[in-house]
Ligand SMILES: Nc1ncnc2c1ncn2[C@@H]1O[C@H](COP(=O)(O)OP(=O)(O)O)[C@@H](O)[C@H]1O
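Here we start with a single chain on its own, the form predicted on its own, put down as structure tokens.
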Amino acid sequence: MTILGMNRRNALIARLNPREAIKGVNQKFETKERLAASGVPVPPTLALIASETEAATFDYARLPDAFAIKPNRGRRGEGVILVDGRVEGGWRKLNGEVLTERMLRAHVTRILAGELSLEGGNSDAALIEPLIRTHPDFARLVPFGLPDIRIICLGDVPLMAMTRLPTVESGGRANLHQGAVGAAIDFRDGAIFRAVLGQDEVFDHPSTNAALIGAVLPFWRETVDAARRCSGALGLGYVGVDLVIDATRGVQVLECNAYPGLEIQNVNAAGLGARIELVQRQQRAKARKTRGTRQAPDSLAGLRPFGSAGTVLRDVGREMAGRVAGALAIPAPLAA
């Protein structure tokens, strides 16, 4: 398998992700607005507090019982507070701590000062959204916390997918480096076919003992469709899309990353490099066919779908084809 290394990934991003598009995707609210305009499902915005004046006059009492507050230009989940309900004196955070209005105002002040932003030291805005409640078919796999899904796309072609499952050790965070389980997803049906905890392959969730292999994620087709639309909406040729499955709203895109990490290859036991090469070969073949037949550009609605998972696996020289059959069944791109 051809692994995508850091240097090659950075070169790919330099070629496919314009600087302005990268700058734009680092702002959550602006990203949400552009995604929503393209029909991508995103969490609604309850409030955007962008100045000290707005913070001073904002009526925190009108917030719902459950919500999430985060920096508009946050990094790695820093500065995110999840509120689960009202209690005497304020709200109850997911970890059980009480959040008073005074504490909430102080947190917003820190966000506005840029202390928790991606750049650091610059002004920022506080984004408030409804609290995500994980779909029960997904939530049963984890002890608590919010599991998410990462899909890497080259344009509108999904290349690889995984779900990150919180554990007791990770403190409910869907962070592989903090002890969450990474599980590879088959594009054909949304079923988990491999799971790892750190460097070890696992078959059951370490905190819940729920069987992982063969578990099917809900709303899988809708999840893939949402991920495929993000590239065009944001002007990114290579993007990592983070999604969740809300109990009431279904698929929701939480974030798009212009520099997605490479851990997904370890989870899938497969290389992104081979898949990128395969898609690029199809793109070149499509371009040659278009030039040769003088067809109008819009007469070809994207790349052709692969004939079978087995054929694709042979094309990229994958080992153990029988074990991971279907992992490379990449759907055809959306029509323009």
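Bear in mind that the values here come from a model prediction, so they are computed numbers and not experimental data. Residues carry their position along the shown sequence, with the first being 1.
The discussion below concerns the form predicted in complex with the ligand, not included here.
The shortest heavy atom separation between Ala68 and the ligand in the predicted bound form is within 4.5 Å. Under a 4.5 angstroms non-hydrogen atom cutoff, the ligand in the predicted bound form has Glu78 among its neighbouring residues. By the criterion of a heavy atom within 4.5 Å, Arg275 is excluded from the residues contacting the ligand in the predicted bound form.
Taking the partner from the other structure, the ligand in the predicted bound form has a heavy atom within 4.5 Å of a heavy atom of Leu146. Residue-level contacts in the predicted bound form: of Gly179, Pro206, Gly74, Gly90, one residue has a heavy atom within 4.5 Å of the ligand, and it is Gly74. The contact residue chosen from Leu197, Leu212, Leu217, Leu131 relative to the ligand in the predicted bound form is Leu131, the criterion being a non-hydrogen atom within 4.5 angstroms.
Stretch-level contact analysis of 251-259, 155-163, 217-225, 181-189 against the ligand in the predicted bound form, using heavy atoms and a 4.5 Å limit, identifies 251-259. Scanning 7-43 for heavy atoms within 4.5 Å of the ligand in the predicted bound form gives just one residue, Lys28.
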